[in-house]
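The data below hold one chain only, encoded as structure tokens and taken in the form predicted on its own.
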Amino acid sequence: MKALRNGTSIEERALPVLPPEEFRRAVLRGAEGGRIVAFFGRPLGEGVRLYAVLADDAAGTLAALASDVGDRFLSLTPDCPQAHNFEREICEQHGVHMEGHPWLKPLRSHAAPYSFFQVEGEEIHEVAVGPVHAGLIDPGHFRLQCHGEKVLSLEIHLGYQHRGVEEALENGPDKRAALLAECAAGDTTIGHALAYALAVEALSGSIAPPRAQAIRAIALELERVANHVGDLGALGADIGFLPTAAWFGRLRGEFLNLLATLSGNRYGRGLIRPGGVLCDVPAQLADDATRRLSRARDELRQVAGLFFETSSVRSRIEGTGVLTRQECNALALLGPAARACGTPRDVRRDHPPPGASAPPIPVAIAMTGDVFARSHVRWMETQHSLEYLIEGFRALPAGAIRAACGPPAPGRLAVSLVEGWRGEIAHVALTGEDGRFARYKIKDPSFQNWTALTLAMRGTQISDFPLCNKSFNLSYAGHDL
């Protein structure tokens, strides 16, 4: 396997292209001590070339390898459950049949009739939710098999807004590429824009100036805080504890407004580009941001205290929607969902980008794997991020905000990882001999974490579904791409 680090690239011809069976064994070995970051295909000649990127979080390294296959491949999933969605995607996109895969259903396609899993027996009933929902959320279908109020099985069917983002990026980069990348998941604009910028910089051999990197890190944490606080408020609403729902909701607006002050857009669109950022932070804005963040931090402590110390709230979220650490590691879950199961996986600490100089933000973990753990991890991360933001605005390095970023070099493979607010975002870019994208692969953490929701719901009450769903708050768009 060819080793590399986050935000770097290698020549594709240096990539080991192994026979299928040897490739399979190598991926299984790598996933056993580490995990699969990306696993995807690319049409090549009359067959398909499979690429795998593996991570060793303890060593902070990545490894890449490839294999040329025909229309069949012996599935990894029975031995390595974290591969299941990757293999469904490869089958759907390239027609490679994954022999032995236990659940080889369409991942996004709605072209053929879809057969949902069904439980049979007396008093068994079925509840269908979506794909059109009552709230202002994206489309997704949930099929629950229940006995009374008890949920026996949840199947999630997505793909209703498959936009072909990866295909649209091929033959780039061009003027629209950065716009496409930052729209991969609308509430993770900063995370995906940063991953795209790091991938292009890795291919062109450039690096953003220190001031630009600091502004990027500030924007990333603002995005994290805004979403975590918003979801804590939404959990309060689902429980019926409306004072905290309103209070958290208002404070979320503070962080979105600050991001708008920084970039001109409440979601940070147009801020990050390859080579740096497009907007500087004047001294007056930094001083004002520090004051606003300090005030918001004090208010958040009050509302979070009310939320987590109220017995009726605790009784509703403790022991609800439990995931075990074994399940977490088998599926290689990401972000707060993993950290709530006691798995301290965090790209900011394990795979810092090139040129990173600031000390990593402490990793927040909990051990119970339930709705309480996922929400409390979000609250701990919010506190850590706020301290980082206040200090970050105070200590912005001087200098330029953008460096020259040349065209991508031909025939290379680049990997960039970013710890978005939901977890690890991975972009893998392959260039052809003309230096343009021959394949651009995006993985939002939702791609791996949707399965966690199905496991968390087993054996719970159907009334727990909104709480479990909100505690993950996964992206439909980020999955569908």
Partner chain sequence: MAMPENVRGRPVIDTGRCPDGCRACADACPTDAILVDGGPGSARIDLGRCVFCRDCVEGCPEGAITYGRDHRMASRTREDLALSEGVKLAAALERKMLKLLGRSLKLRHVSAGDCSACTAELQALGNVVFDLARFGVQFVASPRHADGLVVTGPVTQNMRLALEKTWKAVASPRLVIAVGACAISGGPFRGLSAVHDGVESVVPVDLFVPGCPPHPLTLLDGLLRLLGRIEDSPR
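This structure is a prediction, so every number in the text was calculated from the model and none was measured. Residue numbers count along the first chain shown, from 1.
One more form of this protein should be noted, the form predicted in complex with the partner chain, which is absent from this view; the next part is about it.
Checking 307 to 315, 216 to 224, 154 to 162, 354 to 362 against the partner chain in the model of the complex, the stretch whose residues place heavy atoms within 4.5 Å of it is 154 to 162. Remark: residue 176 counts among the residues lining the partner chain in the model of the complex, judged by a heavy atom distance of 4.5 Å or less. Heavy atoms of residue 238 never reach within 4.5 Å of the partner chain in the model of the complex, leaving it off the interface. Contact check for residue 263: a non-hydrogen atom falls within 4.5 Å of the partner chain in the model of the complex.
The partner chain in the model of the complex is not approached by residue 4, whose heavy atoms all lie more than 4.5 angstroms from it.
Proximity to the partner chain in the model of the complex, taken as a non-hydrogen atom within 4.5 angstroms, holds for one residue of 388, 379, 142, 267, which is 267.
Note on the partner interface in the model of the complex: the residue among 407, 205, 411, 186 having a heavy atom within 4.5 angstroms of the partner chain is 186. If you take 203 to 219 and check each residue for a heavy atom within 4.5 Å of the partner chain in the model of the complex, you get nothing at all.
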